[in-house]
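The chain below stands alone and is given in structure tokens; this is the form predicted alone.
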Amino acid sequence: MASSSGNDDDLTIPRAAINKMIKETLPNVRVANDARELVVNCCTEFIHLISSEANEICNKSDKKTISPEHVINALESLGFASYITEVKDVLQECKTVALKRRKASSRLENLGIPEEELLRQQQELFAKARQQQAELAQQEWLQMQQAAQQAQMAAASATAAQQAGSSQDEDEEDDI
């Protein structure tokens, strides 16, 4: 590798990401660990090469930030022109995803309601939901109480009827 810092781990792509890409690209192929390591090193070296060339192009144009155009020009100057079409497609995809994210994050801002007001409304909704839940619990408790009272009354009626029936039986025995 072209790194002279001695701390190569800081300058490599995470192995898990490379392993995932290998599995997705070659699902039915086993790849040896040393081959995976070689792929990681090649990817790292390729990125270093492209970014260094893009940085030089950026510096020559008196810019301080490497833009996608600098990367595309670097690919061209290093002989990787065949990648440019695919790189432009990926760049367009990235821009589309970024635009969707910005639109999604700005929806809240576009409401025109201050965050404090939204928080107040949320707290109000929570309080209303708690009140409804408490009312439901109260109704359930009352229904259980009524059912228990009805059961007690039914049991008391049955006991009274049974006692009345047994006292009639005793009266009839007395008559005999």
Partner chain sequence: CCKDDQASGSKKPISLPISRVRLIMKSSPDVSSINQDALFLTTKATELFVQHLALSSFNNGSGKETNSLSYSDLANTAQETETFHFLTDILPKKILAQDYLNSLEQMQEEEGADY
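Positions refer to the first chain, counted from 1. Just so it is clear, the model here is predicted, and its values are computed rather than measured.
Beyond the structure shown, there is the form predicted in complex with the partner chain, which is absent from this document and is the topic of what follows.
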| item | value |
| --- | --- |
| Contact stretch among 121-129, 37-45, 147-155, 134-142 - heavy atom within 4.5 Å of the partner chain in the predicted bound form | 37-45 |
| Partner proximity in the predicted bound form: residue 113 to the partner chain, non-hydrogen atom cutoff 4.5 Å | no |
| Any non-hydrogen atom of residue 60 within 4.5 angstroms of the partner chain in the predicted bound form | no |
| The partner chain contact at residue 25 in the predicted bound form, heavy atom, 4.5 Å | yes |
| Residue 104, heavy atom within 4.5 angstroms of the partner chain in the predicted bound form | no |
| Heavy atom within 4.5 Å of the partner chain in the predicted bound form - qualifying residues of 14-32 | 14, 17, 18, 21, 25, 26, 28, 29, 30, 31, 32 |
